[in-house]
Structure formats: C-alpha cells, structure tokens
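Just one chain follows, in the form predicted alone, and it is written as structure tokens.
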C-alpha cells in the first residue's frame, strides 16, 4: 500500500532546507506521495528511511533496463493509464524479427534492411532499436548462435526468442555483455530459464497460454527472487493480446498489483504473420495500449514514418510544450545580408519550415520568436505572436544590430500583422509568405 504524504513527512529530516526544490519538507513529502518527484531528490533522508519507503513509493510498474551504453533503454515505470492524466515516461521500442529457420540469403537480406530506416524527426533519431532473434527447433543450436552473432553486429538490443535452456545458454555466451532480453520462460521451463537468465544477468521474458497462466508464471518467478522480467502478451489472437496488455497494465496501476507491473512484449509478427499492413496497424494500437516492445516482421519507411511520428506525439509530456530555443537560425549559409523569415518556437513548426527552407537552397535567416511553444494560429489567438511581441523580441535580441537585410517574411496565416509590423518596425519591408510551408521553396526562388 502506498504511503501518504504525512507518513513520508514523519520520516523526513524536517530541515526545510529547500535543496530539493520544494519550500518545505511537508510539500516535498506530498510530491513524493503523488509520484511527482523521487525520494532521492532530498539529500538528507536516511538510508533506513529510504529503505522503508522504497517499495511503497516505487511506481506501480517496475522499471526495467535493457541494453548497454547508447543502446540502453528504459522500459516500464509508468504511473498512469492515460497520457493526459500526467505523462507516459518510457516510449515503446520496435523490434524486427529474424529466425534461425530462414536460409542464409533471407537472413542477410532481413538484417541488411534494418539499418535502412534511420532519420531524425524533431531532434529525435528514428530507427529500429531492437532485433528479435527467434530460435527454431528445426535448425541447429550452432546456426542459432551464428545468427545471434550476425544480429549483434548491428549494435541493436537483442531479444532472444528461445524456450530451449541449452540453446539460450549458448546464445547468451556470445552476447550477454550487451544485456539482451532472454524471452522464453514458460510454465514448463521457467526454473531452468530463470537460472540461465540469472547467470547471465539479463532480463527474462515470461510466456503463458492465457492471462491466468501468465500471471501464475510471473508469480512463480518472483518466488524464485526474479523481479527483472518482461510479460509477453498472448499471441493466439489479437483480442487476447489486447486483453493481456490492457488488463495487466490496469491491474498494476489501478489495483496496485505489482505482480502484473512489468513491461510487456507484443509480437505482432505472430499475430498477423505475413500481413505487413495489419502488423503496422497493430503496432500503432499497441504503441497506445500498452506495448513496451512491439515486434514486427519488417520496418520500412512506409511503416516507420507514421508509426514513429505517432510515438513521438504520444510520449511527450502534455504539460510541457515542444519548443525550440528562440533566436536566429542561419540556413543554407545565410549571413547578415540574407533575407529573414520569422515564425514561432513550436518544434514541429520549426522543423517543417526549416526543412523546406533548406530544400530551397536559398541563403536566409530563420528568426524564431518566443511564442510559448504554440503553433502560429494558436499563439496569434493567444496574443503570444503579435506585432507587439515580434517587435519587442527583435529589440530584446538586438536583431537589427546582427542583420543588415531589412526584408522580413511573416507566415501567410497571420498576414493581418503586416500593417501593424510596418508601423512598429520602421525601415523593415514586411513580406507575407505563403500559408503552407511546402510553398516556401517556390516562393524564395521566385523572390531571387
């Protein structure tokens, strides 16, 4: 049962030092009880007090780490069912599946296609983070180990889909230092698989034929002392997989059932084998409800562009706007004599506009105003992107002292600001740019 703020306050040092960022120890204790801050933010809590509270104040979902170095990812740690309640904290990771049952040419083609999807969107790298390496009883253990070696060469987190303890042990011998996931603890082999995972120090994926069997299997592994696990959603139907993902998350967060509180793997490659379109649709569903890792047969740009875009929108803090730093951004070698364009600091607006400006090849200066992280029309309606705010921003940033060109293009959606800006910024020629960013290329080339 979670501790209340008053219970935590009784264990606090009661110094009111403000070093934690809260005005009093009572305020800090209330934030800890709500899950808003970690108990570690206070440097004066005794170790005994921390130990007494650690289990009670931990997130209802266990936080699991997989991989190492730059490829280390955090899974789980969620505290809410819906993003708008607070925020989701650990984004869904995507894996592409390969199998030792494939021939060498198919394996090589599959692995070669994985690095093909790799791009940046709003300062975030979008790529396939994991590889699901499946063991087939029809192929030898030696072939499986060789496949694991090949997959490890791509520097992705590996998920070893293997229910044979001996084959799993052989595969881990060549990749355990990269902290892969060993996925294959069933009711029939969980003791042996637990021993293999514990010896290698890796996360263990738990499998069950249905939710009851899955729950019992997790509980049995917990009795063995293992709390470093992932739960596999059932794969006999989409309905059962969805039920597993939702019911286990709900039981963990709403009912405080910590046995259900582990991150999940959803294998849509099995749920919709051979159907790339259905797999893409299911991947989007389980990104929202509630796959920590989603396994697919392939990940090309057709799947990645909408899927990663949705993930990026979903796994942002709704209480914090996505914004870039206001200032002058030279594009295509723009200098003090280059034409100026201005827009808001909403991150998506910046990246869309800057991308089109780069595509034009025209040297220019993109001046980003402080608009509270809102879009053009929203910030204009809220008074954060007005003639007064733009003129004030130019004055505060001393734009006129940094740029000699006196041509300023404003977004076409706020063309109404043209007259007001000309009055408040004498000497500047205000030009109304197109309404849509995609039209900027032709617009700038025509101006030249």
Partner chain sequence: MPFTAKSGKFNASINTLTIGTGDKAITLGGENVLPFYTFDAPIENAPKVGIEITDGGMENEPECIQKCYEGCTTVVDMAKAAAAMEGVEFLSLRLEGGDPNGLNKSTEELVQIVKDVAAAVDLPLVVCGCKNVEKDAELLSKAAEALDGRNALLLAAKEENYKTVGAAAGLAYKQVVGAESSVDINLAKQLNVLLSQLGVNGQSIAMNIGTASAGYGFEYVISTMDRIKAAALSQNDATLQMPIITPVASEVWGVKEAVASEADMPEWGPAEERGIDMEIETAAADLVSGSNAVILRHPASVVTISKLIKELV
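Take the two forms, superpose them, and find the largest set of C-alpha atoms that agree within 1.5 Å; that set is the rigid core. Here the structure is a predicted model, which means the values were calculated and not measured. Residue numbers count along the first chain shown, from 1.
Another form, the form predicted in complex with its partner chain, is not on view; read the next lines as being about it.
- The contact residue chosen from 377, 224, 173, 310 relative to its partner chain in the predicted bound form is 310, the criterion being a non-hydrogen atom within 4.5 angstroms.
- Listed residues 112, 305, 137, 188 were compared with its partner chain in the predicted bound form; 305 is the one with a heavy atom within 4.5 Å.
- Although the partner is absent here, residue 212 lies within 4.5 Å of its partner chain in the predicted bound form, judged by heavy atoms.
- Its partner chain is not shown here, but in the predicted bound form it comes within 4.5 Å of a heavy atom of residue 278.
- Mapping the unseen interface onto this chain, residue 352 counts among the residues with a heavy atom inside 4.5 Å of its partner chain in the predicted bound form.
- In the predicted bound form, its partner chain lies within 4.5 Å of some heavy atom of residue 121.
- Only one segment in the set 244-252, 188-196, 100-108, 148-156 has any non-hydrogen atom within 4.5 angstroms of its partner chain in the predicted bound form, and it is 244-252.
- Residues of 65-89 placing a heavy atom within 4.5 Å of its partner chain in the predicted bound form, in sequence order: 82, 83, 84.
- Put the two forms on the same core and the Cα of residue 412 is off by 2 Å or more between this form and the one not shown.
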